[in-house]
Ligand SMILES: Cc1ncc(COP(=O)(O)O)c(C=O)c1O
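To begin, one chain is listed below as structure tokens, in the form predicted alone.
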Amino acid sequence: MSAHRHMNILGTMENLPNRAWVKMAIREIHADFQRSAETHMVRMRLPATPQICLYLKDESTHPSGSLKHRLARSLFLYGLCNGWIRNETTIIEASSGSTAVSEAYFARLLGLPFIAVMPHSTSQEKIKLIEFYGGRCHFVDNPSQIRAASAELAQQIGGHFMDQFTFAERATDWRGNNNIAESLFRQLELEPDCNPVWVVVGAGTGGTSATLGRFIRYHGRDTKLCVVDPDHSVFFDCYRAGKPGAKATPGTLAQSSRIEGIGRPVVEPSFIPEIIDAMIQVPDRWSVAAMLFLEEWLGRRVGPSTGTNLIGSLELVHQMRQRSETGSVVTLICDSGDRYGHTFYNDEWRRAHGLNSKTELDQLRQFVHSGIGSPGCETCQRDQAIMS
């Protein structure tokens, strides 16, 4: 355990009675938010489609480096206000990486022990970041068992299992209060198309899509929400089933999602299909191609889930162009590609995992610059799903 485990800038926090400690812990989280600038919104011009603008909200600029920083902050505040987190509570989370990194950041901020339960396949870069923030990693062989293993570990040691998959959609105030939806629409206020036609996000817990979908409806916006899903995930099939409130039968798949942070072998409680207007299933090879394309386009690396987001966004751009529509599409940069140097940005690793995406990358360049072809991903609209 790191020597700085119980260090925090408040100094005397660990000596306070619990009620006073909780009050100071919440204040410290709010202070950390005040010190953090809002994440950037990057405007991308599409050479072949000038009538449609693409925006990328860069969530990699959070202090802990990913979109999951927002979720971790909300989960800590939720746990503190519910009385689940006290001044000596060990925090436990089931995570393939980025959520664990962000929760380790907040655990260190409050001087709390942190344990991440994750698959052995998690990237070494993410493991090192968790350890950098003072966290420990507990590995499991079967990715579908990380929740069960986390709950069991929490019971054994008397810790608190954060359970992002259950509480992601509950912990965030979707009406406003500086959530990602409020921030996104505020940053677009001075843009020519301040009300985007589509917002595109991936689903890991379902919390981000729940926040956006509820916010859009609450504020009466015409923007539609699209969720992208990678290979080996059940969310798309659940949505395509088309019955309001339908949930896929819980179970496991032989292979879990390879795109870290999104896709699940079971439908999680935070996934709410009724507030999604469309879903797009994106093959992993296309996600990787888009990740590599964005490195060329932006001049820096992004994670593979951002590639999934881009493919879904370009598929919607293609559909809009076919209908002679104008407007904008907004999606997210989820995290930095620096976390995947030994995996997705390693040629040998990609070949070994069947993710050599040269053909898809060439097609993507042609589509963006010349308007020829399209990603051709499978799309399911809400109305189509309900009628099927």
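Numbers follow the displayed sequence, beginning with 1. Treat the numbers as computed from the prediction; the structure is a model and nothing was measured.
From this point on, the text means the form predicted in complex with this ligand, which you will not see here.
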request  = Run the contact test on 98, 206 and 261 with a 4.5 Å heavy atom cut-off to this ligand in the predicted complex and return yes or no.
outcome  = yes
query = With the partner removed from view, which of 50-58, 356-364, 327-335, 35-43 is the stretch that lies within 4.5 Å of this ligand in the predicted complex, judged by heavy atom distances?
reply = 327-335
key: Contact label in the predicted complex: residue 68 to this ligand, heavy atom within 4.5 Å   = yes
message = With the partner left out here, check for me: in the predicted complex, does some heavy atom of residue 305 sit within 4.5 Å of this ligand?
response = yes
request  = Please run the contact check for residue 273 against this ligand in the predicted complex: heavy atoms, 4.5 angstroms, yes or no?
outcome  = no
query = Heavy atom to heavy atom, is residue 202 within 4.5 Å of this ligand in the predicted complex?
reply = yes
